[in-house]
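What follows is a single chain, given as structure tokens, in the form predicted on its own.
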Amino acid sequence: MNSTQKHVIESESLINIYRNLYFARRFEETLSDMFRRGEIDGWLHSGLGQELVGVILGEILDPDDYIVPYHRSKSTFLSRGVPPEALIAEILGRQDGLCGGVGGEAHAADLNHGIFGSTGVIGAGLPIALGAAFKQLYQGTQGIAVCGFGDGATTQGSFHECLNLAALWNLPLVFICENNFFSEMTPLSKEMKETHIAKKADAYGILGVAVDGYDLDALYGTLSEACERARDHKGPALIEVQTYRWHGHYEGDPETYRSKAEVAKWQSRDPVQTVRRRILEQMILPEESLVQLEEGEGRRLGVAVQTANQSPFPSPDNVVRNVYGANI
């Protein structure tokens, strides 16, 4: 699938991609700083370095499409239009969060924006996305469903069952594996014999494509074409996005399983800087305009953090709200 020649990124889209990418990066950095200062209870799984996938999905998907995001992909929420203060409040466990503060960092959802919810359970989002895609097909809509997950999920039974059913029923579903080469602390080569994840699509007779997650044009083209194919009822696809997380599996992870040189190699290809340079080199915006954009996004994030911190903690009555069987 040669996508880069078919999908030209227009200047307006490139600016929007940079705005969302810059904001998502600052968002991740801010959360990391808050965690280190003890302002976030529990765990925090950073998506630093993996923001580009969610940003591009926010650019190419339609409002009526459904998304089951990868648990690290806060950029998916933000680029889809979710208010940042509501996402931060949920991460802080506050009442004004997306799920009333009871879902937390890894279990956030926003049905108003077509986000069926991320999950900290490996592979658990795949059946949800399968059902969402079936709904689109059954109701005869032009919408599709997109499911994000990590490389570790491809060893789960749910992965294989859902690829099989999606292929069998020709569902409008795009599976996106954000392969950052580690399942928690385990290198990819120690968790599977065949490390080319996109090849797993062959067993189910669907499209499988591997793409460099730091190559803007390749990633934009590949995701655009996969979504268009699904929308045209040409079958589901498995897209392996080869990317990298800059922080450990969780904030505070000692990261003894990889070298600093390996991390630095990926950081040298930072997509935020790549997109910024491109805007300047193509003279889409001058430097001073980009600085103004960045300062504006920084202020927006500051207001969001302040607003989220002002939200109260949920009452004890809310702990069992929407929990199956809680009122039996």
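Residues carry their position along the shown sequence, with the first being 1. Keep in mind the model is a prediction, meaning the values are calculated, not measured.
What follows is about the form predicted in complex with a small molecule, which we do not show.
Enquirer: Heavy atoms within 4.5 Å of the small molecule in the model of the complex: does S183 have any?
Expert: Because a heavy atom of S183 falls inside 4.5 Å of the small molecule in the model of the complex, the answer is yes.
Enquirer: Hey, in the model of the complex, does P127 get a heavy atom within 4.5 angstroms of the small molecule?
Expert: Contact check for P127: no, nothing within 4.5 Å of the small molecule in the model of the complex.
Enquirer: I'd like to know whether G120 contacts the small molecule in the model of the complex, with contact meaning heavy atoms within 4.5 angstroms.
Expert: Yes, G120 sits close enough to the small molecule in the model of the complex that at least one of its heavy atoms falls within 4.5 Å.
Enquirer: Does at least one non-hydrogen atom of A153 fall within 4.5 angstroms of the small molecule in the model of the complex?
Expert: A153: contacts the small molecule in the model of the complex.
Enquirer: Within 4.5 Å, heavy atoms only, which of K200, R229, H249, R80 is in contact with the small molecule in the model of the complex?
Expert: Selected residue: H249.
Enquirer: Work out which of the listed stretches, 159-167, 210-218, 88-96, 68-76, brings a heavy atom within 4.5 angstroms of the small molecule in the model of the complex.
Expert: Stretch 68-76 is the one.
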